[in-house]
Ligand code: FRU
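First, one chain by itself: the form predicted on its own, in structure tokens.
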């Protein structure tokens, strides 16, 4: 039965979401039906469709009591809104239905596992909400929470670990058909860990082991974990809070990590061998993956950052997801590229080969705010060049820039001039592999965002901006002599 709180949310989003036109939204990135969006939840396949839920506060464009919004797609690019799936309507989740995951059961039901947050104030007057793991089952539209919730509590975590930071279960199926899930938790030293649980039926869960822990090396609390095989390796993906920068690999604040290693299922031990950032841009957090029916590992993240959540009073929606990306493993690194379904939306093509660049240059037909563009840069002489800069979403007063400096092998993105009047982080840098000054950039623009894929996916950098849509110019400039090749496609959404 739909609760009063959930029905209220559904009626609100149905009424006020109708006022937001398609032109106000990103064209092919999922945004909330109305109000606020953060973490992707329950990303998966159910009855032949992709389902993507999301942390949701329909009533404002600020974070509030968390609901679950809901959308479906057949290609991960065209999204149809469904009614909100969860509301904080039980005693064990009255402070919010936090992040979680979903799986299809053999009997055709859709199983959701999420973190229920219960309001709790200690004897000292300090609020420390209790976090437990809860279940709901449904038919892809309506979901019923289990009477015996919560199914994982403080009694199911190791001694000394903190039930006030125990959240974000990610379920998956094991090779034998049984269930497992990973959950983030804070440890006795105040930093994060990833806990592993298993179940025969998806409803009764038991603690197995601590897969990995932070030891205060990579931030503090580890949120939104995921656990999967990729290219013969085992990967734990997580989003640490309060990280300190490590060179240009990890930045200050909230980031995303890939812990790459090997897992022995017989002994339940994970041996970490490498650590890598997921995204090197300004706006990326809390990613979640699925395994598609054709065997691809696909990831989607929240294309925002907790330190840059500056919605404006006139906003009717805030937050969006990244473009879904295919993950791979190459030369000891996890790589990522746009899902191949994007190519089905390619419209008008403009192509240039070996164009000399020095002074600022524009090319006929190379413009737009919903495009998929690949730019290859090469030095024009043995002396090389000092820097190369590309501007996108450019107008008389606005632009977002991407700058490459071959001497230091660094790539810099900046939205200083993108039209934002808030004093938050606008610049990020990362190292890229030195290829003698040659650089390949694939840039996907969707109205209010840019996602940049470097050298066939070795790095990805995501950022959002508020630039007026009339600023659709693109230009190229170099200090020293370069040549560029450009292939640009308009994205046409009525193609499927």
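Keep in mind it's a predicted model, so treat the numbers as computed, not measured. Numbering follows the first chain given and starts at 1.
The same protein has a further form, the form predicted together with beta-D-fructofuranose, not shown here; the description that follows concerns it.
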Check: Using a 4.5 Å heavy atom cut-off, are 258, 279 and 459 all in contact with beta-D-fructofuranose in the predicted bound form?
Finding: no
Next item on the list: Please run the contact check for residue 235 against beta-D-fructofuranose in the predicted bound form: heavy atoms, 4.5 angstroms, yes or no?
Entry: no
Checklist line | Touches beta-D-fructofuranose in the predicted bound form: residue 223 (any heavy atom, 4.5 Å) | finding: yes
Next item on the list: Mark residue 99 yes when one of its heavy atoms lies within 4.5 Å of a heavy atom of beta-D-fructofuranose in the predicted bound form, and no otherwise.
Entry: yes
Margin query: Just checking whether residue 424 would be counted as a contact of beta-D-fructofuranose in the predicted bound form - the rule being heavy atoms within 4.5 angstroms.
Written below: no
Margin query: Within 4.5 Å, heavy atoms only, one stretch in 25-33, 59-67, 433-441, 447-455 touches beta-D-fructofuranose in the predicted bound form. Which?
Written below: 59-67
Notebook entry, point to check: Looking at 352, 306, 203, 215, which has any heavy atom no more than 4.5 Å from beta-D-fructofuranose in the predicted bound form?
Noted result: 306
Check: beta-D-fructofuranose isn't shown here, but in the predicted bound form which of 186, 167, 369, 415 has a heavy atom within 4.5 Å of it?
Finding: 167
Notebook entry, point to check: Can you tell me which residues in 23-48 come within 4.5 angstroms of beta-D-fructofuranose in the predicted bound form, by heavy atoms?
Noted result: 38, 39
